[in-house]
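Form predicted alone, single chain, as structure tokens, below.
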């Protein structure tokens, strides 16, 4: 009988792992996948478009139920695993069913980080993480509703855009000095802020949430800042980061830190248990983006098939996306104080480029508006190419440098 592989979690890391496994060794395992959500595998990256009404729920699905059936995968949805028994290699589901495994993969993902403030239990306090969150926001954030989005990072701005598209009056509250402070520098963030404000989205910077206020029936009616200021609102969307789901690993005494500790081959300290994606911690690093999760899936699929590839290592991942319809690109070290700055700014077109150079090497890139040359710059950084011969043309892209894009 084929060995049983159980995967706990059915998010984007898990579904990518399944695809990688079947590309390498499609007849090695009996596979069971347990997902806490009722849906089959779907693309979380598109949740903002679902929230704004641009697409329907079915358009997010990447792995239809028939796909699992065709592969002979047992998919158990809307179910949580409550216990792992390492001694007997057995898991227990919340319906008390037990399943034995030969190999076990923890792809439990992460949950929204909830700031330690009063008022989290009020009606109208929501997060933005999955399809169910989108449904709740749709129900609450109607036309003209005043909504505060806490967090001016990628997720917060996507939530703000979606809620704004629903016709709500949105205010973004961010505790840093500018939006997307991990991806953009101050001038690029100012362009983004101006674009958001032109669409009616308020932006409050350097503002730390102290508490969420409610009225007598337990419904949100505002937020209070640490400096004593306040903002009236009827709903709050929290987008303040994520917390890896490591509780199952802790319950069965696997080594954990911020996440579930694994090596570069995604192996825990139990030879039959692995972890990948947002719940996993490699060399002290946890991930929060899709690309590194997919890289981990490729490595783990090879390990499960009996090979030992190059271990996965945390690497800087360029960020290229549209935030509320505005194109941004960021790669490398964007706040290197020892680097020289090369800057190009076209305020009429709304385009901005900031290249950071140290020792004739490009070490950081920030693009706003026109991001087509982002991968050219990232390739120069990745290959550590000296920019000395093309320095005077570098800001103008690959064609100006005599390089094919």
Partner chain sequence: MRGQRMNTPVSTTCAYCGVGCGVTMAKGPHGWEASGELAHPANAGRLCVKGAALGETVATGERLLKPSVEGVDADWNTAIEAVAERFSRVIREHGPNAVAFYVSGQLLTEDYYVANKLMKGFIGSANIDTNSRLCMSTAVAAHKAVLGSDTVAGTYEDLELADLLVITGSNMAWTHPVVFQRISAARQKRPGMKVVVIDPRRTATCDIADLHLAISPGMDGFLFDGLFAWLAENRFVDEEYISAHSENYPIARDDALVRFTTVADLANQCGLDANSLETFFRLFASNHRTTTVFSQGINQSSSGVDKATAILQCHLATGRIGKPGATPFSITGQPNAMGGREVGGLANQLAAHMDIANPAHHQLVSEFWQTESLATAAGLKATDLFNAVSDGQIKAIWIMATNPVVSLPDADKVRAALKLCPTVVVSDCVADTDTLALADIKLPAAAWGEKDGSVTNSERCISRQRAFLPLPGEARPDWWIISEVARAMGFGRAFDYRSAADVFREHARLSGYCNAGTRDFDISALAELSDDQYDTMVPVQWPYSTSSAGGTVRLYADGHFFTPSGKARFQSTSPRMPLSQASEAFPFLMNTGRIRDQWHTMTRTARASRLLTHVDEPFVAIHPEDLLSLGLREGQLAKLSNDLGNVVMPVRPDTGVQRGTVFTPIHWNDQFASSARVGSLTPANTDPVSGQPEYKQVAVAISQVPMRWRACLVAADKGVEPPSSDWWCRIPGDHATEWRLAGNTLVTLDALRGHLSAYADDWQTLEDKNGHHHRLVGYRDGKVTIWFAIAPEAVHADATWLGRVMAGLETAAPIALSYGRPLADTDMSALVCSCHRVRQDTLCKAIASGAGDVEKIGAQTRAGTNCGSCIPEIRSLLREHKDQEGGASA
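The model shown is predicted, which means the values in this text are computed figures rather than measured ones. Here the rigid core means the biggest group of C-alpha atoms that line up within 1.5 Å when the two forms are laid on top of each other. Residue numbers count along the first chain shown, from 1.
Below: the form predicted in complex with its partner chain, not depicted.
Participant: Test of understanding: in the model of the complex, would residue 382 fall inside 4.5 Å of its partner chain by heavy atoms?
Facilitator: Residue-level check for residue 382: no, no contact with its partner chain.
Participant: So in the model of the complex, is its partner chain close enough to residue 393 to count as touching (4.5 Å, heavy atoms)?
Facilitator: Contact check for residue 393: yes, within 4.5 Å of its partner chain in the model of the complex.
Participant: My question is simply whether residue 66 lines the interface with its partner chain in the model of the complex - judged by any non-hydrogen atom within 4.5 Å.
Facilitator: Residue 66: no contact with its partner chain in the model of the complex.
Participant: Looking at the partner-bound form in the model of the complex, is residue 375 within 4.5 Å of its partner chain by any heavy atom?
Facilitator: Judged by the heavy-atom cut-off of 4.5 Å, residue 375 is well away from its partner chain in the model of the complex.
Participant: May I ask you to choose, among 37, 370, 59, 336, the residue with a heavy atom within 4.5 Å of its partner chain in the model of the complex?
Facilitator: When its partner chain is considered in the model of the complex, the option within 4.5 Å is 370.
Participant: Of 344, 45, 55, 361, which one comes within 4.5 Å of its partner chain in the model of the complex, counting heavy atoms only?
Facilitator: None of the other options qualify; the answer is 344.
Participant: Just one of 66 to 74, 348 to 356, 24 to 32, 37 to 45 has heavy atoms within 4.5 Å of its partner chain in the model of the complex; which?
Facilitator: Of the options given, it is 348 to 356.
Participant: Verify the C-alpha shift of residue 337 between this form and the one not shown: is it 2 Å or more after superposing the core?
Facilitator: Yes, its C-alpha moves 2 Å or more.
Participant: Indicate whether residue 346 shows a C-alpha shift of 2 Å or more between this form and the one not shown, with the rigid core used for the fit.
Facilitator: Yes, the C-alpha moves 2 Å or more.
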